Ligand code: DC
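As a starting point, one isolated chain is supplied in structure tokens, in the form predicted alone.
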Amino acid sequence: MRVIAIDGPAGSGKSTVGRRLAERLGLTYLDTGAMYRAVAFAAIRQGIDPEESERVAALARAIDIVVDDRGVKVDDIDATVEIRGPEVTCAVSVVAANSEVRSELRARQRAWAIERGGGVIEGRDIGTVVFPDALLKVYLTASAEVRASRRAKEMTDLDYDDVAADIARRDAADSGRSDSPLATAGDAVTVDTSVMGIDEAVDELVEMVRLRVADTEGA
């Protein structure tokens, strides 16, 4: 199974790099953050407080989540746009800190990869927890200013200061949670996209994968 694990904070370029890398390698791409957002979306839609950990965990186990190139569906409802909205964005850190939710979604992520023989999988605990034996582990990062600027351009209804404050909050929540905090795997390659263009980063990662595959097959 050939897994390329990409971890990193919000706005670091994980989705853009991950999608392009998957295309170049002929692999399928999975945004695991969208899965946590899908659970938050379902909780809000059903009137469940994201802080109600047991109810949210039960919901995570019960709902059907489909994340693919066409978008995100939750129980056959297209949630592609809604999961990126401010309400879900505010709730997702609490949902992602729920240990039972993480356990359920990690199992789904592993099953997804097994079914496809691997893939380019991005999130915040992919190389450290979900796939510690990944062929290549990448920690994608960028300066706080660059990350906030990127997100502000994506979210036209929010200004830079609001986005920067939200990213700082997400960074603290993701790094400080007790279950699978955002961290750099000891054997991960760090790529800073604030000083490197997306195409340059993808080219570098394609070459890294090529070398890893050659080493594996020659071992």
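In case it trips you up, residue 1 is the first one in the sequence shown, and so on. Being a predicted model, the structure only gives us computed values, none of them experimental.
Only in words, not in the display: the form predicted together with the ligand, which the text now covers.
- Stretch 26-34 is the contacting one of 44-52, 26-34, 189-197, 62-70, since its residues have non-hydrogen atoms within 4.5 Å of the ligand in the predicted bound form.
- Think of it this way: in the predicted bound form, the ligand has a heavy atom of just one of V120, L140, I126, V101 within 4.5 Å, and the residue is I126.
- Using a 4.5 angstroms heavy atom cutoff to the ligand in the predicted bound form, none of T16, R19 and V202 count as contacting.
- At least one heavy atom of R177 is located within 4.5 Å of the ligand in the predicted bound form.
- Remark: R151 counts among the residues lining the ligand in the predicted bound form, judged by a heavy atom distance of 4.5 Å or less.
- Proximity of R108 to the ligand in the predicted bound form falls outside the 4.5 Å heavy atom cutoff.
- Shown alone here, R84 lies within 4.5 Å of the ligand in the predicted bound form, counting heavy atoms only.
- No residues of 46-62 lie near the ligand in the predicted bound form, the criterion being any heavy atom within 4.5 Å.
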